[in-house]
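Taking the form predicted on its own, here's one chain by itself in C-alpha cells.
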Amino acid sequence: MERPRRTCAETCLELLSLQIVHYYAGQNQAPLAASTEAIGFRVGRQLAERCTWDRPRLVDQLDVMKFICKEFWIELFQKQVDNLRTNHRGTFVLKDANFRWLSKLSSDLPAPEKADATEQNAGPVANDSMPSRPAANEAAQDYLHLPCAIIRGALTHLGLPCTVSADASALPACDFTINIRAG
C-alpha cells in the first residue's frame, strides 16, 4: 500500500524561510544561526524519515548521498542537485546552479557587466535602492543556515553525522560542502 504524498506549496516554504530569518535576526537573545539550525535539523530529520519510511536502509555513504541529491532534493527543492563531487574520504560538494531559496535575492541584482556601465553613466547620483552583489552575498549566508541544517538533519537520520556549510558567492548558485564525521 503506497502512502499518499503530502506536498507543501513552494511559495509557503520560501516565505517560511524568509520569515524565520527575519524573526530571529530581530531577536536580541537568540542568535540567528543557532535558532535556524535547530529548526532546520529537526525538519531535516523528519523529512528524511518521511522519505525513507518504506525503503530498505541505505548503508553506503555514496548511496545515501545519491539519495540526498536525487529524491530528497526533489522533495525539498523540486529539482535534482546539478552536480555531486567527492574526494572519496568523507567530503562531498553538492552544486546547485540555481538554488531556489536564493533566487529572490539575486533577481534584483544587476548583471556584473551592467552594474559597471550603470555606475559610469549615473554620474554623482547613484541608485541606493538596488543592493550590491557583496551585500546580497552576505545576506545569503543568513538564509543558508536553514537549508544547511535541513541537509545535516537528513544525513544524521540516515546514519551519517556530518557538518554542512554553504557558499553562495555567485548568486543564485550555491555549493553545499558536506564533511562526514568519522565514526
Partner chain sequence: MVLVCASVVGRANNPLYFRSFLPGGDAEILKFQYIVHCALDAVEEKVTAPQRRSGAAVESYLGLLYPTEDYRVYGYISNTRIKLMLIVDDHMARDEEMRQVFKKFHQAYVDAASNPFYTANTPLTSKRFDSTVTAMLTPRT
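Just so it is clear, the structure is predicted and the values come from calculations on it, not from any experiment. Positions refer to the first chain, counted from 1.
Omitted from view is the form predicted together with its partner chain, to which the following refers.
* Can any non-hydrogen atom of residue 70 be found within 4.5 angstroms of its partner chain in the predicted bound form? -> Taking the distances in the predicted bound form, the answer for residue 70 is no, it never comes within 4.5 Å of its partner chain.
* Asked: Looking in the predicted bound form, any heavy atom of residue 58 within 4.5 Å of its partner chain?
  -> Heavy-atom contact with its partner chain at 4.5 Å: present for residue 58.
* To do: Examine residue 158 and determine whether its closest non-hydrogen atom to its partner chain in the predicted bound form is within 4.5 angstroms.
  => Flag for residue 158 set to yes.
* Asked: Might residue 52 be said to contact its partner chain in the predicted bound form, defining contact as any heavy atom within 4.5 Å?
  -> The answer is yes: residue 52 has a heavy atom within 4.5 Å of its partner chain.
* Asked: Does the trio 80, 82 and 88 actually contact its partner chain in the predicted bound form, every residue with a heavy atom within 4.5 Å?
  -> None of them does, since no heavy atom lies within 4.5 Å of the partner.
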